[in-house]
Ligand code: SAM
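Presented below, as structure tokens, is a lone chain in the form predicted on its own.
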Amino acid sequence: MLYLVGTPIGNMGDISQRAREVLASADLIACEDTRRTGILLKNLGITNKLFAYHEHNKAAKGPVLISRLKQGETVCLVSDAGMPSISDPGEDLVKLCIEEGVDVSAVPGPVAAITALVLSGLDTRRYHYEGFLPSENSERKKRLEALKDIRETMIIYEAPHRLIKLIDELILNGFGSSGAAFCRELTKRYEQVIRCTVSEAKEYFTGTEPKGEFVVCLQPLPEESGDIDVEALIGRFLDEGLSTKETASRVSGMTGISKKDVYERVIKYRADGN
């Protein structure tokens, strides 16, 4: 049996009694970082053989784990924090188990995405989990463009050294006026939730260095332009010194009107001498 075991995302007091028992009784504990999981086990008073299973060795180590599972061993899979199989290679191991007829069970635990969502103050009835955006520019741009069509609260993970870049990208894609919650150090001593618009976040983090891993909950763009004064938006962005192309991109993101149509309206706005 493979057990997917949820571990604390910060506060060690969040480990469940069932998680303790399952980890203690396992033959093997597969983890992303043996040093980090080793600290967790030491705090729990558990001595067990750790097995490194992560993004860079999953192709080779996955079959090894399947072999041991088929021999009747009990294997636990943990991530560095939270529930395994969410934005980590546990997803691949679960698929392998299903393909090979190996039973899989879950020991639920903390999840950063849901913790941030319920703290955000945004709509929790429906939500879209995005996780980490691709690092490659082309794929990243595609995903950012796709976010503009999502009508539920979005949940994005980001590292502190890339947070300003993410904020700039969101603004460029029209999310400047969208409400957001920037959640850091969840369940830890210095837990903080900053609720503001994306544009306000740019101002805040320009003066305050981002620290800790972030979960960003983001309000979707308006479904229709409705009563939005498109010309007023165009004038505002041009007054701020944005180029015709940048203005078209931002207004398109905020209103749902195609970039091509907005671009033509910006050209007309300039030609009319506004």
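When you see a residue number, it is the position in the sequence shown, counting from 1. The structure displayed is predicted, hence computed values, not measured ones.
Below: the form predicted together with ligand SAM, not depicted.
- Proximity to ligand SAM in the model of the complex, defined as a heavy atom within 4.5 Å, singles out one entry of Leu147, Val111, Cys97, Leu133, which is Val111.
- Comment: ligand SAM is not present in this chain, but in the model of the complex one of Asp92, Glu200, Asp168, Glu185 has a heavy atom within 4.5 Å of it, namely Glu185.
- Proximity to ligand SAM in the model of the complex, taken as heavy atoms within 4.5 Å, picks out 74-82 from the listed stretches 74-82, 100-108, 120-128, 169-177.
- Among heavy atoms of Ile164, none comes within 4.5 Å of ligand SAM in the model of the complex.
- Contact check for Ile86: a non-hydrogen atom falls within 4.5 Å of ligand SAM in the model of the complex.
- In the model of the complex, Val215 approaches ligand SAM with a heavy atom inside 4.5 Å.
- Although the partner is absent here, Ile9 lies within 4.5 Å of ligand SAM in the model of the complex, judged by heavy atoms.
- Scanning 153-172 for heavy atoms within 4.5 Å of ligand SAM in the model of the complex gives Tyr157, Glu158 in sequence order.
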